[in-house]
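Before any questions on how it binds or moves, here is one chain, the form predicted on its own, in structure tokens.
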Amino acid sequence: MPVKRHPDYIIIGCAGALVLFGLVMIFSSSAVLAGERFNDTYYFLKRQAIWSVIGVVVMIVTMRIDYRILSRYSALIYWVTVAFLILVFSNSLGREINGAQRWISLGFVSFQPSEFAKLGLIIFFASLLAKKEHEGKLTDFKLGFLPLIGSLALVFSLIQVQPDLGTAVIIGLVSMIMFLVAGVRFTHLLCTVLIAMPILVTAVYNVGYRRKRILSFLDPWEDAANSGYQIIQSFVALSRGGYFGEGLGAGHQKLFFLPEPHTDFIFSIVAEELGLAGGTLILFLFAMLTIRGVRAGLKAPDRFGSLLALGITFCIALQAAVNISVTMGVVPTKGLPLPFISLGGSALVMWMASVGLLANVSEHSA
């Protein structure tokens, strides 16, 4: 019989350290910008601190509930997720920022449903995959695979048209990894990937700014003043850092050289101010969180808990890897924040809720 133990404190500690690290770096990278825009150098820090407190409360709640209850309501969670993704396009609640329709505004607060869709879909697929496996339908194309890929396609499409292809791709990749781990036929997944690739290529090629991102990734110096500017400035930040950096707060790239240094490219500022040592510390924290998350998933007493923990862990690790790779020029710019560290209330609350569930699963063992 499963017994309840203490949660994995290493998971909680790594997440907490990353959040604290993020608060420090958000202030360091945004103080000058906040003073220029809002006449308040603490503007972004205060916002993130408030969301951090909310995130901790949410994490405690998700740690306290029995994670297995979520399996009963997984279908409801999925359709609520879909409903919110549709509401971003409504005239009354939807909010457009920089040409993207990704936010719902309630007047006193705005949030991004696509961030919560990551966790919602992980819960839904963990439950559905466990159910299909129990019924012996997981390897059946019609009864097993089609409901899975159809559910994924609906959410993927709603996020992609916001437009937010980066988040859609992350959700797609995490879902496909969960399918593979659960035991879905590899040939079904391979055929899906082969069909999806031309669609993704078309989605990138037919949209001007996406096409420019690919071209600037291949040769950023071809258009150094425009499409290649951000990644070049990131390279400059990385190169200036050396082994131990220029010192906390002493970086230069945040001084209106690197655009939005407190969001997608915050790792570049970390590398500039804290050097290889600071960057390695972040990588170590994510690596430890990933290792302990996988351990929790492998030791979970039930299939739903196992897939839930593994899905959350894959999502955190994959998005962190993509974000850091973007700052280094290894992959094209995706517009994805660094989990726990980049500015963003919706994302932070979702990540903290995810960590709470991950710690919750780790409390149970066979």
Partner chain sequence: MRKNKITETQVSKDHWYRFRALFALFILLIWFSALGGRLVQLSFFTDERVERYSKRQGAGDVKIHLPRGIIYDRNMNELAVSIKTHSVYLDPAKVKDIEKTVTALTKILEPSDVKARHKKEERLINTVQRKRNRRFVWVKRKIDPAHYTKIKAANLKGVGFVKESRRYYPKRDVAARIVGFCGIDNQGLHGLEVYYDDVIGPRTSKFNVLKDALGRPVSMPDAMTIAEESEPVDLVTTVDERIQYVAEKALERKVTQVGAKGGIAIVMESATGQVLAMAEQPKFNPNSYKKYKKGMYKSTSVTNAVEPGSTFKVFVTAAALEERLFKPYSVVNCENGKYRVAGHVFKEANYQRHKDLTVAEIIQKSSNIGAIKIAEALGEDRLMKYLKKFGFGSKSGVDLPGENSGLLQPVSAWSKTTLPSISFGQEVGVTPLQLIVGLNVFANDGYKVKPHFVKTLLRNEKPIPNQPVISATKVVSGATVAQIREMMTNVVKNGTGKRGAVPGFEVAGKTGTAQKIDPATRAYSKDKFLSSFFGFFPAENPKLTILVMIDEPVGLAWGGHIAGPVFAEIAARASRILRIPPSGSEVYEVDWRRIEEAASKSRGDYKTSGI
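Positions refer to the first chain, counted from 1. Note that this is a predicted model, so its numbers are computed, not measured.
Below, we turn to the form predicted together with its partner chain, even though it does not appear here.
Peer 1: So in the model of the complex, does any heavy atom of Glu36 sit within 4.5 Å of its partner chain?
Peer 2: Yes, contact at 4.5 Å.
Peer 1: If you check in the model of the complex, is Ala153 within 4.5 Å of its partner chain, heavy atoms only?
Peer 2: So Ala153 does not count as contacting its partner chain.
Peer 1: Does Gln253 reach its partner chain in the model of the complex if we count a contact as any heavy atom within 4.5 Å?
Peer 2: Contact with its partner chain, yes.
Peer 1: Mark Ile266 yes when one of its heavy atoms lies within 4.5 Å of a heavy atom of its partner chain in the model of the complex, and no otherwise.
Peer 2: Judged by the heavy-atom cut-off of 4.5 Å, Ile266 is well away from its partner chain in the model of the complex.
Peer 1: Would you mind picking the one in Ile149, Ile171, Ile123, Ala182 that has a heavy atom within 4.5 Å of its partner chain in the model of the complex?
Peer 2: Only one option qualifies, and that one is Ala182.
Peer 1: Of His188, Arg240, Lys212, Arg95, which one comes within 4.5 Å of its partner chain in the model of the complex, counting heavy atoms only?
Peer 2: Comparing distances to its partner chain in the model of the complex, the residue within 4.5 Å is Arg240.
Peer 1: Pick the stretch from 57-65, 42-50, 299-307, 23-31 whose residues have a heavy atom within 4.5 Å of its partner chain in the model of the complex.
Peer 2: Contact criterion met by 299-307 only.
Peer 1: Kindly confirm or deny that Trp221, Ile232 and Phe286 each have some heavy atom within 4.5 angstroms of its partner chain in the model of the complex.
Peer 2: Yes: Trp221, Ile232 and Phe286 each sit within 4.5 Å of its partner chain in the model of the complex.
Peer 1: May I ask you to list the residues of 132-156 that have any heavy atom within 4.5 angstroms of its partner chain in the model of the complex, in sequence order?
Peer 2: Going through 132-156 in order - heavy atoms within 4.5 Å of its partner chain in the model of the complex - the hits are Glu133, His134.
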